[in-house]
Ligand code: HEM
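Quick heads-up: it's one chain on its own, the form predicted on its own, in structure tokens.
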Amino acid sequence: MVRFIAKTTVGQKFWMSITGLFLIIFLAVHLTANLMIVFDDTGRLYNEVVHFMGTNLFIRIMEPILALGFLIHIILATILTLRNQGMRPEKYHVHKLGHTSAWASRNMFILGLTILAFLTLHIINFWVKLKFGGTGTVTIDGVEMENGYKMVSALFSMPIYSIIYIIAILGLGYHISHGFWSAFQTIGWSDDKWRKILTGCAYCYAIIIAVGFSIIPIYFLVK
């Protein structure tokens, strides 16, 4: 199995697809939690969700697995991109499934690097502060917890940060618009019928993710 992953392009593409699908599922969970901000402008609901996710045993176990998934995805994407550039004098052939998909598929690595840069900034501003007490605390029903809502509202009240966030999320949407169906194609769902279905699902999911995450900074800027 190690040889299959490390030595073969097929193995590397397979595991990059698996980790990509895993991260796509994570985005749906993350978006659901984040949208609690919009449903309760007192911040109580969001703080309770953040506290639950920070103290729940299953989620705490999943955190290092998630980080490993990101790391494997990034490493394999880098290896495959460098290999393709070294082996192919011409650009990798792309099925013309539409302008958006074609553009995204030609620029997946660049989109990935852009998302990685923003993810690093996002982790510093959110995850690190939540984990190491940089948010202040609030007491809800007798339970003291991190005041994540205050931290989020302060960051998204800054137009420059909100604009950067929205641009990064749009890039993520483009990345998903190709990566979603491409991952399923790599693991074997590659006939014409499934390609059309998965391409449609990829566009829908990418739009949901892009619009859903973008609503949050827009909400605070308008508010």
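Heads up: residue numbers just count along the shown sequence, starting at 1. Not measured: the values here are computed from a predicted model.
Same protein, other form: the form predicted in complex with protoporphyrin IX containing FE (HEM), not shown, and the subject of what follows.
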Among 27, 166, 38, 49, just one has a heavy atom within 4.5 Å of protoporphyrin IX containing FE (HEM) in the model of the complex, namely 27
Counting only non-hydrogen atoms, choose the one of 38 to 46, 171 to 179, 191 to 199, 52 to 60 that falls within 4.5 Å of protoporphyrin IX containing FE (HEM) in the model of the complex.
-> 171 to 179
Protoporphyrin IX containing FE (HEM) in the model of the complex: within 4.5 Å of a heavy atom of each of 121, 126 and 155?
-> no
Residue contact check: residue 23 to protoporphyrin IX containing FE (HEM) in the model of the complex, 4.5 Å heavy atom | yes
Residue 17: heavy atom within 4.5 Å of protoporphyrin IX containing FE (HEM) in the model of the complex?
-> yes
Would you please decide whether residue 147 lies within 4.5 angstroms of protoporphyrin IX containing FE (HEM) in the model of the complex, comparing each non-hydrogen atom pair?
-> no
Should residue 186 be classed as touching protoporphyrin IX containing FE (HEM) in the model of the complex when contacts are defined as heavy atoms within 4.5 Å?
-> yes
